[in-house]
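Below you will find one chain, with nothing else, as structure tokens; this is the form predicted on its own, and questions on how it binds or moves follow later.
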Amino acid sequence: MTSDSPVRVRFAPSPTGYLHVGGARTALFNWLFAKRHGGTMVLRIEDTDAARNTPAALAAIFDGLRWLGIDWQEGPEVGGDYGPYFQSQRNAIYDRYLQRLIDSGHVYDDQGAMRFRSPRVPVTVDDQVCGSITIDRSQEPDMTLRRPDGSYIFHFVNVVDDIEMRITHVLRGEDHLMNTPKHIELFQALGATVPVYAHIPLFLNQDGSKMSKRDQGASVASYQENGFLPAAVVNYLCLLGWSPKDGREKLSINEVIALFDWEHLNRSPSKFDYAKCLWLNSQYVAELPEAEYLEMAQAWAREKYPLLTDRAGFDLTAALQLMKPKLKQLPEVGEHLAMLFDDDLPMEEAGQIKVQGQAEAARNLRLLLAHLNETPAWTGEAIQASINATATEAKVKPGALMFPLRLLLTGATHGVDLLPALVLLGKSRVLARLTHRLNQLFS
């Protein structure tokens, strides 16, 4: 990169639906490349399809990008020297460029449509991801630049905007690769420098199918709505087509920026794994500073379980601290709160069947209840001593008592660490709940 030719990249979405994670990944990679080279990120809105454009879709683009931390130095709401940044406002510019092509003999009229006269020679795309690819366009029909109704097609306005906005590098999805020879012909006909192209492989579902808008995790807004942390989503999107080559999966955004170059971009499609994104999110939740975590978790707790959080004698802070290591996403605080503080929560059916099928389960649980009742001090150490004493008397390992104890205490087969939960709930509540659910299981 030369100092007199700074890096300028763009993200050019259409406001016709929600912000897809595929589009967000494209925006992210452009943003990372600009950051890596001290360049400029341009946001350009391709809104020429008036019938399908909606204000809600436009807002989803702005909100989604900003939630992910992807800012733009030029574009809507920030301005810049090369606007307007909405294609619907740029017709005069397109008219001027079309006239240049007409004057130079590159365009002819075909029943009201203006067509580009192709050179009909092979075009080589030197792509930074896909390598050098030569495509023979000699048998293809001349492409239309302007329709009979006066509207312009994507290929023409895309090239004109890239020229006008001084775009130096185009990072976009691999599905645009076969369009690139058409664009190169237009750049050359207009006497403009062809930008550097990098076509990023698309990512697919686990079964190899293309990700549709109905698939889990397809919409950026769904991550916002489900309490994901933006840093975790960004981290995961970075791994879809890029890797640090050292096996790491959790990286800060500054680490990614420092490493982001062509060599780290993958040549083959990635598989979208929602479970891995959840796992990454759990790592970020676990590392949240305590005050920030409690503020966010309390908001979700009051939304998911408002009546429960207002009960007397309810230590919300202690409960949220206890469940923090178990959370994959913040809305799960409601599920954990229910398991801890809802005495009427039904027990999981599969857990009931398992416990009822264990030999001597009823006897051992009643024995445990008796030992817990005699526990002098309600601490983790004292409770563990009561569990150990029960195991010795019942001639089982202490671990054999933990699953049925968890089911009776929380109604679930998973959840927070059990001993701290017992301490948090208090002796009288624990004994009452264990007695009630024990009678339910073995009445």
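Think of the rigid core as the biggest set of C-alphas that the two forms share within 1.5 Å after superposition. Quick note: we count residues from 1 along the sequence shown, nothing fancier. None of the values given here were measured: they were computed from a predicted structure.
Although it is not shown, the form predicted together with the RNA is what the next lines describe.
Visitor: Have a look at 397-405, 35-43, 66-74, 370-378 and name the one stretch with heavy atoms inside 4.5 Å of the RNA in the predicted bound form.
Guide: Comparing against the RNA in the predicted bound form, the contact stretch is 397-405.
Visitor: Would you check, heavy atoms only and a 4.5 Å threshold, whether L418 touches the RNA in the predicted bound form?
Guide: Yes - in the predicted bound form, heavy atoms of L418 and the RNA come within 4.5 Å of each other.
Visitor: Indicate whether the RNA has at least one heavy atom within 4.5 Å of a heavy atom of A189 in the predicted bound form.
Guide: Taking the distances in the predicted bound form, the answer for A189 is no, it never comes within 4.5 Å of the RNA.
Visitor: Looking at the partner-bound form in the predicted bound form, is P148 within 4.5 Å of the RNA by any heavy atom?
Guide: Yes, contact at 4.5 Å.
Visitor: In the predicted bound form, does Q329 have a heavy atom within 4.5 Å of the RNA?
Guide: Looking in the predicted bound form, residue contacts with the RNA do not include Q329, since no heavy atom lies within 4.5 Å.
Visitor: Of E348, D261, D175, D342, which residue is found within 4.5 angstroms of the RNA in the predicted bound form when only non-hydrogen atoms are counted?
Guide: Result of the distance check: D175.
Visitor: Which of these residues, E255, D273, E335, E164, gets a heavy atom within 4.5 Å of the RNA in the predicted bound form?
Guide: Among E255, D273, E335, E164, a heavy atom within 4.5 Å of the RNA in the predicted bound form occurs only for D273.
Visitor: Could you run down 247-285 and flag each residue that has a heavy atom within 4.5 Å of the RNA in the predicted bound form?
Guide: Counting only heavy atoms within 4.5 Å of the RNA in the predicted bound form, the contacting residues of 247-285 are E249, H264, N266, R267, S268, P269, S270, K271, D273, A275, K276, W279, Q283.
Visitor: Would you say G69 moves between this form and the one not shown, meaning its CA shifts by 2 Å or more once the core is fitted?
Guide: After core superposition, the C-alpha of G69 moves less than 2 Å between this form and the one not shown.
Visitor: Tell me, please, whether between this form and the one not shown the C-alpha of K245 is shifted by 2 Å or more, with the rigid core used for superposition.
Guide: Yes, because once the rigid core is superposed, the C-alpha of K245 moves 2 Å or more between this form and the one not shown.
Visitor: A385: CA shift of at least 2 Å between this form and the one not shown after core fit?
Guide: Yes: A385 shifts by at least 2 Å between this form and the one not shown.
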